[in-house]
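Quick setup: one chain, the form predicted on its own, written in structure tokens, and binding and motion questions come after.
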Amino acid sequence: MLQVAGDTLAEQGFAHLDLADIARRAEVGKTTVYRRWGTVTGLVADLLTDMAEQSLPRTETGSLLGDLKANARLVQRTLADPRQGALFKAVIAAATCEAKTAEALHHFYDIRVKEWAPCVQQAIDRGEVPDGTDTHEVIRAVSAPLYYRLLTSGDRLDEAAADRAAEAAAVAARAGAYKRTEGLA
């Protein structure tokens, strides 16, 4: 059912997502779909939770740059995939005007950032980056340029772009750019 919902969302966008159509495509009764999710946003929330749980686990390479490159390349492959890229565009667009979708998207990213943040903590422990570095901000800095390419510039989402994003985040982290300052969370 979630696969069908994801396919439909990628094909038609959030505005055209219809629970009755999802039921028809999944070859289940409408009542089943409406009873389980009730609304399109409920379905999208479950889809995002499932996607976060099904995402590949963190890769440990033993270095901050290696780990960040692994993360960036995973994000790059996901966003460059025709289905996944379209799905993320649709969900992000919907999240700008639908609070429950925004909440589900935030939850998705929270899960993914928490999955990868330990690689930055390990880098702190190895002395690669300063104590007090905000591990979550480093991970966010890796994927931000890739999402910018997907949503704004339309520039190519290739492995070279992923590597540049990881390298920039690693250099900034080593320089203390993501170090927490007193009084700020």
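The structure displayed is predicted, hence computed values, not measured ones. Don't overthink the numbering: it's just position in the shown sequence, from 1.
Keep in mind that the form predicted in complex with another copy of the chain is missing from the display, and what follows is about it.
A.B. asks: Give a yes/no on whether residue 140 approaches another copy of the chain to within 4.5 Å in the predicted complex, heavy atoms considered.
C.D. replies: Output for residue 140 is yes: heavy atoms within 4.5 Å of another copy of the chain.
A.B. asks: At the 4.5 Å heavy atom threshold, is residue 106 in contact with another copy of the chain in the predicted complex?
C.D. replies: Answer yes; at least one heavy atom of residue 106 falls within 4.5 Å of another copy of the chain in the predicted complex.
A.B. asks: Counting only non-hydrogen atoms and a 4.5 angstroms cut-off, does residue 28 reach another copy of the chain in the predicted complex?
C.D. replies: Judged by the heavy-atom cut-off of 4.5 Å, residue 28 is well away from another copy of the chain in the predicted complex.
A.B. asks: Since only the chain is shown here, I'm wondering whether residue 73 would be in contact with another copy of the chain in the predicted complex (any heavy atom pair within 4.5 Å).
C.D. replies: Close contact is absent here: in the predicted complex, residue 73 is far from another copy of the chain, nothing within 4.5 Å, heavy atoms only.
A.B. asks: Given that the partner is absent here, state which listed stretch (59 to 67, 153 to 161, 43 to 51, 121 to 129) has heavy atoms within 4.5 Å of another copy of the chain in the predicted complex.
C.D. replies: After filtering at 4.5 Å, what remains is 153 to 161.
A.B. asks: What residues in 14 to 49 sit within 4.5 Å of another copy of the chain in the predicted complex, counting heavy atoms only?
C.D. replies: Residues within 4.5 Å: 14, 15.
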